[in-house]
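First, one chain by itself in structure tokens, the form predicted on its own.
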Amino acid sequence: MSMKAYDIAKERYAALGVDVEQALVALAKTPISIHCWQGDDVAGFESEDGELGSGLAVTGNYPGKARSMNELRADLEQALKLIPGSHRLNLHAIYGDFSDGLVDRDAIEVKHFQSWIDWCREQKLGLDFNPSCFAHDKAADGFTLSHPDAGIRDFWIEHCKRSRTIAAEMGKQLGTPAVTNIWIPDGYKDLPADRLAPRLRLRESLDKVLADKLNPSHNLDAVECKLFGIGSESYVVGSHEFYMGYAIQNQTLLCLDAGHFHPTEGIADKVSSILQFVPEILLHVSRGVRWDSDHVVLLDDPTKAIMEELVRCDALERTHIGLDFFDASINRIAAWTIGTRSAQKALLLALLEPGEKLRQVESAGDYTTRLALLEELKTLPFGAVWDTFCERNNTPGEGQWLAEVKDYEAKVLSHRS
């Protein structure tokens, strides 16, 4: 990209009071937590069958899926070469290193994830963590922390407690707090007769999981709500209202997943309200399509609205941005690249808004100018600013990165059976 195009873009934005260089600095300081499970279709390393269930499903059979820890890390390294900026890795408990022998989930330890900690240090990545309350015999009926059987509840409570301990060690060793996010699939396919009892059990279980106070500079706890799931279309125990109340009362992070609400409901409008009552929030930036919640993120209106709200609320320092999608119908490295770069582009567009000017005209009741400015922004030369960000991070620009994915597919992915 020529510097002339960037200089013109800077001038156009400066005319509206926007400092482009300041926006690029803010973008560089905002990591995205890239989810490991896109690379192997949420299979993990506990078994070879990769059977999910528990409200989860991955569709597609595009060749080249990662089959081992080494392959997954190699694929992540390739994706990271195509994604500008400094980022984090989001890891599920089923991705432990069990080369010395598989243990059940209520027995996982730091040693099973030490190689991930070491790898993230080498890659200069932060690390986040998730207990895996699915794809297990003790989750086969769709209930975990709210299960009516106390023994099964205790199993998942121990799994979640150990996950927090592991995450805290990740944060301690890497010098940046790990976010431990608790999502469970619990719910009913059809209408329940008793909505209250499972929620009482879930609350009691969460209290036990979070009983030990961990150093917040090492670990931050989050709880994640959902409206629906496959096999839990009518009732989810961990609803938005349940977890919002729990997060406020216990001052945990609240995780908002863009695909976990009604298809016509966005999460952007929730940010300014929730931030008044919880210390920080966790976002799972995803793309819901009708009743499927986990399509590859695009530079679309809902994603732009999320990032706009974070910037307008001055909330980037209180927000942890992660991705959550899994698409096995396309090249998985391309999926990571498209999704992460789209989230970053949406954030950059938000950072290039003339926020102060928009607030001034709004306060003055000049809604005409507000609307005109928002429309004018849509035609400004944002692409030149994005290309400059890619160049400064030694990352291929638009129209360039896909060739590297295709080359890696031909040389590496195509040889995996």
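In this text, all values refer to a predicted model and were calculated from it rather than measured experimentally. Note that residue numbering follows the sequence shown and begins at 1.
Only in words, not in the display: the form predicted in complex with ligand RNT, which the text now covers.
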Query raised in the report: Just one of 113-121, 324-332, 341-349, 78-86 has heavy atoms within 4.5 Å of ligand RNT in the predicted bound form; which?
Result: 324-332
**Report entry** Contact residue in the predicted bound form, from 280, 169, 224, 308 (heavy atom within 4.5 Å of ligand RNT)
**Finding:** 224
Query raised in the report: Only one of 287, 73, 162, 92 has a non-hydrogen atom within 4.5 angstroms of ligand RNT in the predicted bound form; which is it?
Result: 92
Query raised in the report: residue 183 near ligand RNT in the predicted bound form, any heavy atom under 4.5 Å?
Result: yes
Requested in this report: Answer yes if any heavy atom of residue 233 is within 4.5 Å of a heavy atom of ligand RNT in the predicted bound form; otherwise answer no.
Outcome: no
**Report entry** Residue contact check: residue 292 to ligand RNT in the predicted bound form, 4.5 Å heavy atom
**Finding:** yes
Query raised in the report: Is there a heavy atom of residue 37 no more than 4.5 Å from a heavy atom of ligand RNT in the predicted bound form?
Result: yes
Query raised in the report: in the predicted bound form, which residues of 250-268 put a heavy atom within 4.5 Å of ligand RNT?
Result: 257, 260
